[in-house]
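Here we start with a single chain on its own, the form predicted on its own, put down as structure tokens.
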Amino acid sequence: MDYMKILDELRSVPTLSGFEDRGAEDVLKLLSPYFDESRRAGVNCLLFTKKCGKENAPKILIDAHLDELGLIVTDLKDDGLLTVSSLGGMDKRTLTASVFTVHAAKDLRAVSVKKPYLITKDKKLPKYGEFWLFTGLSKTELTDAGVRVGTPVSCQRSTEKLGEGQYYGAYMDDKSCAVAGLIAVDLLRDKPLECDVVLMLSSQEESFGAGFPTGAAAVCPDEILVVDVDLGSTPETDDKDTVKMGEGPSVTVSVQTDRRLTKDLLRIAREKEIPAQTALCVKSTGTNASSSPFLLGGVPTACIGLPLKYMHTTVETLYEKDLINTGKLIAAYIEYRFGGKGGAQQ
């Protein structure tokens, strides 16, 4: 299985936060061949299940959110310029001099424009309403193309390779973690398991958060592994706020995560010699795992992070080896916990 090719294909499908349904069929078509069952559930969530063949088997849920950051059209000006607002939380430093796609009846290419720097000498971050999207079309042409207030807009999509097995591009967050879940299922393909493995691509994590609890309720899992990107270290960042790139996934220690699951993940990483590191998030994980204590009476949940540099920009960057080791850790835990002959569940 070519994991990076699948990641590239998955990231090419627009699934902006709140508009995930627009790409749902394409994602189902891409990932369904690797599972026994796939379906929609909850609020725009997708469920992919690998069954163990045993009746009433426990279920372990791997959550990776499907939704992406973007923009949303707030007005069409008489001169054809579009004003936009945030859909999620993009880094404002990336908003100007960038290329976007307006997802109307047909996709339209757009560039962001602002009053020239040589005139203003303005060094402040742009505010929504102080820059525009330019398509080269008139207001009438935009309207005829289906552009309306509320039309979603996404960043340019491409994947490029850097040195040391690093890849960059928009929307690594969180589709890379969906691929990590797929890697785990692939590694477990020939392993006897006592559980069904469900990969959930949840909606609206970057905005309203409705997807995770509604999708998980459709599964009623016995355990949950929330897999999301974690802030990778870069120049001018503090070690306590980031994790190291190239040194494996992080395992979150938090009051919101299950102690037994967390300890088991870290122990298994050591025993299996899978590179891993600890991330301390005392009050909140900043992920869907923060909802688990209130989900279905409380479901034991751990949070695994894939190190990612330049998060919420158009050049999100990861190491391929971190992606693979994240999948390996997920697979190793599931095999330990629910492996043949009862695993650790007994």
Partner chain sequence: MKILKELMLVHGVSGRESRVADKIAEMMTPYVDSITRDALGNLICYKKGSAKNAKKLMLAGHMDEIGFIVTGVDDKGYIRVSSIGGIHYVSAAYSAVRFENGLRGVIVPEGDFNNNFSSSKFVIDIGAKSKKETERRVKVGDFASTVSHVEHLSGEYWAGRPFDDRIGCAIMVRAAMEMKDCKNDAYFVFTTQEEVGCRGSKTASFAVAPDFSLAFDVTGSGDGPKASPMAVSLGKGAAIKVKDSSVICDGGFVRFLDELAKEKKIPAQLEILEGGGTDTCSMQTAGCGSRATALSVPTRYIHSNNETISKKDYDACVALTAALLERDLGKERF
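Only a predicted model underlies this, so the values are computations on that prediction, with no experimental measurement involved. Residue numbers count along the first chain shown, from 1.
What comes next is about the form predicted in complex with the partner chain, which is not displayed.
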property: Which of 246 to 254, 156 to 164, 108 to 116, 201 to 209 sits within 4.5 Å of the partner chain in the predicted bound form, heavy atom basis; result: 201 to 209
property: Listed residue (Leu81, Leu187, Ala217, Ile268) with a non-hydrogen atom within 4.5 angstroms of the partner chain in the predicted bound form; result: Ala217
property: Interface residue in the predicted bound form among Val43, Val299, Ala57, Leu28, criterion: non-hydrogen atom within 4.5 angstroms of the partner chain; result: Val43
property: is_contact(Arg260, the partner chain) in the predicted bound form, heavy atom dist at most 4.5 Å; result: no
property: Any non-hydrogen atom of Pro213 within 4.5 angstroms of the partner chain in the predicted bound form; result: yes
property: Residue contact check: Val73 to the partner chain in the predicted bound form, 4.5 Å heavy atom; result: yes
property: In the predicted bound form, Ser138 touching the partner chain (heavy atom, 4.5 Å); result: no
property: Stretch 77 to 91: residues contacting the partner chain in the predicted bound form, 4.5 Å heavy atom cut-off; result: Ser85, Ser86, Leu87
